[in-house]
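Next up: just one chain, as structure tokens, the form predicted alone.
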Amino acid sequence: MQETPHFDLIVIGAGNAGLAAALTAAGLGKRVLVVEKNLYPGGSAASFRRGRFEFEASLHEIACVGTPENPGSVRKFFQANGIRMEFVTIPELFRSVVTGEDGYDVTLPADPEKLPEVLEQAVPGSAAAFKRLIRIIQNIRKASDYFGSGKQNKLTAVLKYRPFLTASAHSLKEVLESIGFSPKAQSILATYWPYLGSAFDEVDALNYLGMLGGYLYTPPAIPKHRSFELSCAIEHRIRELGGEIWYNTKVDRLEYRNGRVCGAWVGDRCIWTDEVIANVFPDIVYSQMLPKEAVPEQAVKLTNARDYSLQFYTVYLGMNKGVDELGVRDYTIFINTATDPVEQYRRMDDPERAPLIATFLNCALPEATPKGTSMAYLTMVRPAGAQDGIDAEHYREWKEELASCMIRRTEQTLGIEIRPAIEEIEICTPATFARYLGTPYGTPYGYLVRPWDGMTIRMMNRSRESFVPGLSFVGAHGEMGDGYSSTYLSGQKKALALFGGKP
């Protein structure tokens, strides 16, 4: 066996959370190694070229970025670690279009002062309820800082942060109903539910309202030079701090001795370490990288109890017309066929009615493509396993029919013509994402957030889920859930917890 150096930390996977963990640990002076099976960093934060277009693999926007004058947690993370990025702020949260009976077409601004007026115009009587909601969101934001400080007092928690504690025990639907929102207003405010992967009546209120507050008070943004610039910037900084990154390298198994993980096997070499952080689904690590006796029964039961989150089917379109010529002005458009968000979730099995998200990058970044062109990403939200039963012989025909359905629905809903302008097209299914990301069913998200397994429950059980000494997990399957901002902060918090740093 070939001798190798010893590391303080080995990170498996150079996705967002893995990179953030490695960067944080390296910034604390730790000797860090990142092992990535692909040829470049970023995971979902990557791009690819087709013809004269560079497509984003998955990024729509990043929450909690804010502005230089009002930075959010993500921008602060980059700044604190010596990474200077140029972001472009998205002025609107989204445009939500619901077709059919009692449908609507509403665009919400990313501004807590302007949003009540827009919501009141769409649903008269909503402004007062929204003011109550804002007070809850503000309390959640303050409580998050308080509980994250590590200096909690039970009496203070109960007296000052009761809205936070109440929201943590209820679904989004229950909270919105309790403060007086009509069903239509609830539907508009719940538009982001696909970003959390759970049905409206099961979405953890604390998780959702925390996310919504991040969007409102520190507006969403996208990197001016795409998400791959973020990944490369973090990688560069890790190397500057003395960290190592090995690409095109796979960890086959973990070394387990004396009751803890102490190394990672790469080919015929064991790389020794004090700690391993896996940016990989726990059930994959437990079943493929560890001996059976190293994994407690409770860990197996927990991972088996959790369901994988949603899948995404994405059509990438490069078009020989600009957005003005196409007649598009909105960056992100949610398209649904039912006003009830619970019914929207139920319709995911039907491509003709499933939730659809259309993103037109040039509406935020006019220079993203050559002059006179534009690109769009059409993403259909479907449950895990929706592709089951499609054999190899019919796969291509099936995915082309699905793409055609998505394009047609977008054209009909928005009243535009996309098909004649298509110059480049790429169709990605869960099989595509599974091949690259290595996630179960190709989900870019983690486990479904359920009422029994919400953000608060996961935070409370954080220490109890450290089943194998020397092994930790970060990523979308963790306590903070999915999303770019959540995974960056997930990696940062885990490294700080392991190595005694301060946020």
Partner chain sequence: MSRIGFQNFLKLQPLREAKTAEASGKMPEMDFFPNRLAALRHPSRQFVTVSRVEALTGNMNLYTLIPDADKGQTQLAPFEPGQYISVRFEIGEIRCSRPYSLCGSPSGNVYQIAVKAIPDGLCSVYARDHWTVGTRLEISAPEGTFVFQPLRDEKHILAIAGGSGITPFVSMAMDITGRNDGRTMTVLYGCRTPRDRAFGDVLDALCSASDGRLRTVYVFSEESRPGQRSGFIDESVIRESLQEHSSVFVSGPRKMIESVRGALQKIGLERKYTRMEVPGEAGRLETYPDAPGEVPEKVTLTVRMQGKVYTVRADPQATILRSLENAGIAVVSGCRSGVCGFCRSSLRSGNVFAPNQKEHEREADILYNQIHLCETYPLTDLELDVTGYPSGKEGKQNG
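It should be emphasised that the depicted structure is a prediction, and the values quoted were computed from it without experimental measurement. Positions refer to the first chain, counted from 1.
The next section is about a form of this same protein that is not shown, the form predicted in complex with its partner chain.
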item: Triplet 77, 201 and 325 all within 4.5 Å of its partner chain in the model of the complex via a heavy atom; value: no
item: In the model of the complex, residue 446 touching its partner chain (heavy atom, 4.5 Å); value: no
item: Proximity of residue 246 to its partner chain in the model of the complex, heavy atoms at 4.5 Å; value: yes
item: is_contact(residue 453, its partner chain) in the model of the complex, heavy atom dist at most 4.5 Å; value: yes
item: Interface membership of residue 286, its partner chain in the model of the complex, 4.5 Å heavy atom rule; value: yes
item: Heavy atom contact within 4.5 Å of its partner chain in the model of the complex, the stretch among 427-435, 102-110, 332-340, 211-219; value: 427-435
item: In the model of the complex, the residue from 260, 184, 236, 353 that sits within 4.5 Å of its partner chain by heavy atoms; value: 236
item: In the model of the complex, the one of 177, 274, 120, 411 near its partner chain [non-hydrogen atom within 4.5 angstroms]; value: 177
item: Contacts with its partner chain in the model of the complex, stretch 457-496 (heavy atom within 4.5 Å); value: 457, 458, 460, 461, 464, 465
item: Cα-Cα trend for residue 56 and residue 387, given that in the model of the complex the distance shifts by 3 Å or more; value: farther
item: Closer or farther in the model of the complex, the Cα atoms of residue 286 and residue 388, when the shift from this form is 3 Å or more; value: farther
